[in-house]
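Next up is one chain by itself, shown in structure tokens, the form predicted alone.
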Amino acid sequence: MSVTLILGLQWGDEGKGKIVDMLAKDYEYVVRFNGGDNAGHTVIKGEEVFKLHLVPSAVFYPEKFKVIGNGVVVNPDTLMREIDAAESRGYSMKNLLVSSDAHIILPWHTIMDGGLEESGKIGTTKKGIGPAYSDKASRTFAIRACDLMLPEQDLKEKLAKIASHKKKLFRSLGFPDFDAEALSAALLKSAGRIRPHISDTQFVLNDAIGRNRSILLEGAQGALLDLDHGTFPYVTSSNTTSGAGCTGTGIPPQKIQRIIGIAKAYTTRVGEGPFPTELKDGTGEIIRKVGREFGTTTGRPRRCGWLDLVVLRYTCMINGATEIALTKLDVLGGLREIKVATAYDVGGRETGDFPLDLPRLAKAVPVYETLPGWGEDISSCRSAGELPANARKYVQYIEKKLGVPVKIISVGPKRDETIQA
């Protein structure tokens, strides 16, 4: 029996989709445990590319159980599009399971998300994620996947009651109105498609553990976007750290043996908020261009900067990372020198601890160490020994500074462009 958890150690976009897809062959269940369709995980096999937002990153393995856990908020339209896209290309979704406790994103959530973003920009994707989690916390006005199993009239009545409240709220806030009857009809149609996939997944997963089956837990976003431990308020609306792997699935913590933290060989961020190692010069543009740093979900250009070990020490600590998957090492090829932040200067005082409050983080000035770069293309390397000496030294430097072994090195976007220790 093996339960492995994968999560991002930075601000998201670390390449989790590729690593999950690569490891999925060794697991029988692949489980998304947090977030919604604000996540974008890209998987590539040969010339085939899927950009997934809800379906776990095991779409190339029809025989695997793909589970959307109770911690995920589900947009029915996005889910149906992804099911249709997979099946139209010959990949069965018969083994897709949606937790009966997963909450449903409805059009009023996206309307509210857009309105709130306009009033105070924090970089949301306007997908309705925050308002859906807000309704989950308030308990009164939420729809869950299990509600889609209700008799049609009961579901209509529940929707009508919530819609009446939302209309009053929207009028008071000056938000656009919505057609409640059309919304109800659309959800009822979606319910018919989604209903066969709805399952009490907490029991499914714990039964699998009892039968010594292997499970791979797939996190969305990154640790610094965690609602409690991230750079609040510039965070997502769910917990993105390893603890969410338990709350978002119902799997007990002692059942998780392996926690793989994924980090880029540099740092990126989308949206607002402090970013100490951000490069606003030509080097940053080179990294963005070579790394194709544009959001999978939004298409927005990502902010790029040097690797930040202050960040990674913190996120390895709070997540209990047992190993690291280092992605996009190939992007740094061609740079004469590579800088790495090892500490911050905050108001004239040097610290190796990540500042947990925004004002101090905004004042943080990176303290860098400079390492020699390498000029070779490393995308054909399939073992650490094949890497240029300076690339090997860079990886070893990261391992030594973090005290966590680098077990996977990605040297390109394709599944086989990977080195495993």
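Treat the numbers as computed from the prediction; the structure is a model and nothing was measured. Just count from 1 along the sequence shown to find any residue number.
Form predicted together with a small molecule: not shown, discussed below.
Asker: In the model of the complex, does G40 come within 4.5 Å of the small molecule, counting heavy atoms only?
Answerer: Yes.
Asker: Residue-level question: is I44 within 4.5 Å of the small molecule in the model of the complex, judged on heavy atoms?
Answerer: I44: contacts the small molecule in the model of the complex.
Asker: Verify the contact flag for T327: yes if a non-hydrogen atom of it lies within 4.5 Å of a non-hydrogen atom of the small molecule in the model of the complex, no if not.
Answerer: The answer is yes: T327 has a heavy atom within 4.5 Å of the small molecule.
Asker: V331 near the small molecule in the model of the complex, any heavy atom under 4.5 Å?
Answerer: Result yes; V331 sits at the interface with the small molecule in the model of the complex.
Asker: Please pick, from R302, K339, R313, R144, the one residue with any non-hydrogen atom lying within 4.5 angstroms of the small molecule in the model of the complex.
Answerer: So the residue touching the small molecule in the model of the complex, by this definition, is R302.
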